[in-house]
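The chain that follows stands alone, in the form predicted alone, written as structure tokens.
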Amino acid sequence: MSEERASARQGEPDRTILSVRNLGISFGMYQKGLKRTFLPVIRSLCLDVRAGEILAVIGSSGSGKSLLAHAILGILPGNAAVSGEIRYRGETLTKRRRERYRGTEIMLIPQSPDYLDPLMRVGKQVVGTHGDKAKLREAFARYGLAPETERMYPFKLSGGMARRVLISTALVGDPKLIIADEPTPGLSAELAKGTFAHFREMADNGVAVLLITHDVDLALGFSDRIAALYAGTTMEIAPTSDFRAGKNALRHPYSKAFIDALPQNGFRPIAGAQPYAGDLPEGCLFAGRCPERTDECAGAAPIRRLRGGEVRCIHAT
């Protein structure tokens, strides 16, 4: 969000479209002797997305980004146990409401082209039951897909074409919330930038966009706020301008380390690795790699508001 847009929205009524609070996800699994246990992969994850903004979600692989998207849509596998609360436009997102809004008001751009039905022509899949064929052709043209593409089956598409078809699914209806899970792998730099620009255009027209991405440079250029996830929880949510300004403007040591590790900042990695979900430490999940850790970091670290953002760190100032 530009400084002008941010200033203009101060004092406005709550524009929150999606609110995730204390989300927990565990997967049931059987160990030796057929003993069933649950492996927690997401704990106390919190974020919200407002109308008219792009919230970019970043983090290393295994931090829970795609699981967050699947939990919102209600498409986790049957052995998943979910806790916490997910609210859409002020209402708890129940199974019935998910079925009502999914594919109409809430649109998913999935990470994998495998989500396309192999037995159905792609045009019909993109349009669905409520779509507009004129919008379909407009979206296909925007992403360089020839008119005959709509009559193709998924197996006839290249990887890049399949990715562009998936992106088009979010553009033919009238979504209030778009969840884009890694939408740009396989696209040229020009198309990737154009896709982010299209999300920006839709957000400027009032759509809420939850953008899960590894493309940090594009996130820095087009998003309003950034949420940094680590080991299945939220470490920091801050205005994108803070991430652009560098680590001195950020709040959490993980966010600072993440920015330091970008190529343009000298690619300065930190020692260690993200902890395994089955062996998480007590207290702060980043403490084992954190240069600022103290004995107090073994205690609870609830997320709190700080300097116009949110942070899960007892030492953040």
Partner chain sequence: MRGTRLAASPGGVMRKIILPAGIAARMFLLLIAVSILSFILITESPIDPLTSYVGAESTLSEAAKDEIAAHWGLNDPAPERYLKWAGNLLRGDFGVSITYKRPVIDIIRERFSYSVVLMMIAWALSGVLGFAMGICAGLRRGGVFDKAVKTFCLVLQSAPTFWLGLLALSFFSVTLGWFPIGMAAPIGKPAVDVTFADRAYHLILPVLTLTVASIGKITLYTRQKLIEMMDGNFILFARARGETTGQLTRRHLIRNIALPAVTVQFASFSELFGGMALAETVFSYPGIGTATTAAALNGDVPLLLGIALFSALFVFAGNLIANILYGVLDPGLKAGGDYV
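Numbering follows the first chain given and starts at 1. The structure presented is a predicted model; accordingly, all values stated were derived computationally and were not measured.
What comes next is about the form predicted in complex with the partner chain, which does not appear here.
Determine whether any heavy atom of Pro239 comes within 4.5 Å of a heavy atom of the partner chain in the predicted complex, and answer yes or no.
-> It does not: once the partner chain is placed as it appears in the predicted complex, Pro239 has no heavy atom within 4.5 Å of it.
If you check in the predicted complex, is Arg87 within 4.5 Å of the partner chain, heavy atoms only?
-> Contact with the partner chain, no.
Even though the partner chain is not shown here, does Gly221 get within 4.5 Å of it in the predicted complex, heavy atoms only?
-> Gly221: no, not in contact with the partner chain in the predicted complex.
4.5 Å heavy atom contact, Ala146 to the partner chain in the predicted complex | No, Ala146 is distant from the partner.
Does every residue of Lys124, Gly128 and Val172 put a non-hydrogen atom within 4.5 angstroms of the partner chain in the predicted complex?
-> Yes, each of Lys124, Gly128 and Val172 comes within 4.5 Å of the partner chain in the predicted complex.
Please name which of the stretches 211-219, 230-238, 186-194, 95-103 has residues with heavy atoms lying within 4.5 Å of the partner chain in the predicted complex.
-> Stretch with heavy atoms near the partner: 95-103.
Ok, Val82, Ile75, Ala245, Ala141: which has a heavy atom sitting within 4.5 Å of the partner chain in the predicted complex?
-> Selected option: Ile75.
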